[in-house]
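Here's a solo chain for you in structure tokens, the form predicted alone.
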Amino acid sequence: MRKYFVYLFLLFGVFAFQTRVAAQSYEFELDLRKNGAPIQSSMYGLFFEDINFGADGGLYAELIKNRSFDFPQALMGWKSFGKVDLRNEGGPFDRNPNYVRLNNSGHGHKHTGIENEGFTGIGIERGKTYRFSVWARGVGNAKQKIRIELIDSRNNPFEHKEIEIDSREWKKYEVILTPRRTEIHASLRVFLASEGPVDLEHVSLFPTDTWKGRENGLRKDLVEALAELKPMIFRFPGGCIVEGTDLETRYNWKKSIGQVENRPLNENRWHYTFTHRFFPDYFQTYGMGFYELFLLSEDIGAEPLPVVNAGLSCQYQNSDESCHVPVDQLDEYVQDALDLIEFANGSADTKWGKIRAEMGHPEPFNMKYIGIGNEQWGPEYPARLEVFVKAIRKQYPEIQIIGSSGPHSDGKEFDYLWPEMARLKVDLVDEHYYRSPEWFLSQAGRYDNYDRKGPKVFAGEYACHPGNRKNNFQSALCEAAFMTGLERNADVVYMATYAPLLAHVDAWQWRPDLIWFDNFNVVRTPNYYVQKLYAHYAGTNVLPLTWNKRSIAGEEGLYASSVIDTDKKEIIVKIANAAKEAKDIKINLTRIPRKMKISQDVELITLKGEADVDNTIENPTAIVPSTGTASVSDNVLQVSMDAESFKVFVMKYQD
């Protein structure tokens, strides 16, 4: 009998111990007496770079690859049949000189034409309409015809229209295609349907249902995913493409504006950088250029943050000083930066403001920020940056200048550049970190001891890279934990943007990425939902949230921050539990202002899942936020944190 009671006692003890381990109890303190540092209106945003076919073949809704035949291999992306000539004299666009001539083959059963493969195929959906356009002219007899067909992956045509070419002069022709079938990997075929010859240039196909219905438009579902985040800042166009593999192929904003058909082709920095993800047909048409990117910023309510070249090509790929612009020869590059500010902010009677107005936006974009250089390092960078800073401060003192701390989150170059950025008195310093889950968890207190008087921090590129480099829940949770430190230190960190933004599932070079897509579908990753929760519940001011009078930055796997939103009348608490056991947390609301009345009902948003699970085309909602409720009783918020979970608690108040 005694052994039986001993057994029960031991069993009860084991059960009680397991219960304590399963849900350990913790007590936090949330001080409501005084609002802390303001959260900047630029705090959470987006960084766009044309990598992973993020522009052409992605955000830019054009469905035709190499539409102007100006790739280095002029018919790359095309098949030709019959008698097709490539020509480059007498075309309608001087900066895109190539065009094709469709000639009579000389035989009634030998057809002449061209066929385009699109970007990993052309996505065509039943019930939607598509605008085909082409610049064309008849040669000899002005009355000519071409036949346009959509072809499925089995080579069967499923939609066609004819266009009559009625002029010997170059002219734009359009027709609307209305397919009755859905094909994710279709092709476009153009036949010569008359005696010929016919010249064709800028062969284009857009869905009519673009973002805001614009003809040279953006892919609607992708922009909707961006807008859904409510981004506050939008950095573009890169990234390494700002530098270029060499200076000749750097992104040049002046080439990306003006008439779309006459924007010259540029080699993409990422087209054959990675031999294991090799895309030698990856170029930039500049169809989605700086005007369109400024317009997108405005559409989604984000401040535009353009980045310009600092006179340095990519230092990873160009170690010799001769690959860069000498400091005393930077005038053209500095003028590009000054002209960009005028393009964005100048009145319609200025040189560059007039071009913006003629493109359709007479009012200024009111740009406030400019980045000079990307991941530059060494003494060559501040030597050049100083020239830009002096010129911009003199002509546009209101513009905030962003410098760089190099490509790494620490180390020799990082330690060298930060004092240099302070010496040059840039407004913000762009820090980048692509690191492991362990690094992100260890760095939640990174900014607790930063200099409060120096330049502010722009976390311009960051992403947690798990071992498989996928957007699994582990990576999202580690980012959520790390971001509590960004929020807690809002007096130092003024901006943060995840990177990269977009990736085509069939044509990516780099992962993880925030949003994945194919020709039809858009996948919001778990990381996307972390960014969304921070941006939607950014607040207006930091609130002190402590555990044993210390910041909650990783002890026993817990990470937390809190803000108040004085506009929405909300108190918001964000908690990440990176531990493998659940935790019960009691949050004491202390020093509550006399007039503040806090609602007992609390909105709860939870993001959790298995660590190695990610959202995919096949299962895009494997991990999504769920909503629930909690309650405040006697000024205490009882929180139950599941193992490996991220939660946001929203308390309404009146004052």
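Numbers for residues come from their place in the sequence shown, where the first is 1. For clarity, every value in this text was computed on a predicted model and none was experimentally measured.
Although not depicted, the form predicted in complex with alpha-L-arabinofuranose is the subject of the following passage.
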Is every one of Tyr434, Glu461 and Ala499 in contact with alpha-L-arabinofuranose in the model of the complex, taking contact as a heavy atom within 4.5 Å?
yes
Within 4.5 angstroms, counting heavy atoms, which one of the listed stretches 393 to 401, 222 to 230, 142 to 150, 236 to 244 is next to alpha-L-arabinofuranose in the model of the complex?
236 to 244
Answer key, alpha-L-arabinofuranose contact in the model of the complex at 4.5 Å (heavy atoms) among Phe69, Phe53, Phe47, Tyr60: the residue is Phe47
Name the residue from Trp270, Tyr291, Tyr99, Phe119 that puts a heavy atom within 4.5 Å of alpha-L-arabinofuranose in the model of the complex.
Trp270
Applying a 4.5 Å heavy atom distance criterion, does Asp199 contact alpha-L-arabinofuranose in the model of the complex?
no
Please run the contact check for Phe93 against alpha-L-arabinofuranose in the model of the complex: heavy atoms, 4.5 angstroms, yes or no?
no
Would you classify Asn472 as touching alpha-L-arabinofuranose in the model of the complex, given a 4.5 Å non-hydrogen atom cut-off?
no
Against alpha-L-arabinofuranose in the model of the complex, would Asn577 count as a contact residue? Criterion: heavy atoms within 4.5 Å.
no
Residues within 4.5 Å of alpha-L-arabinofuranose in the model of the complex, restricted to 363 to 389 and counted by heavy atom
Asn374, Glu375
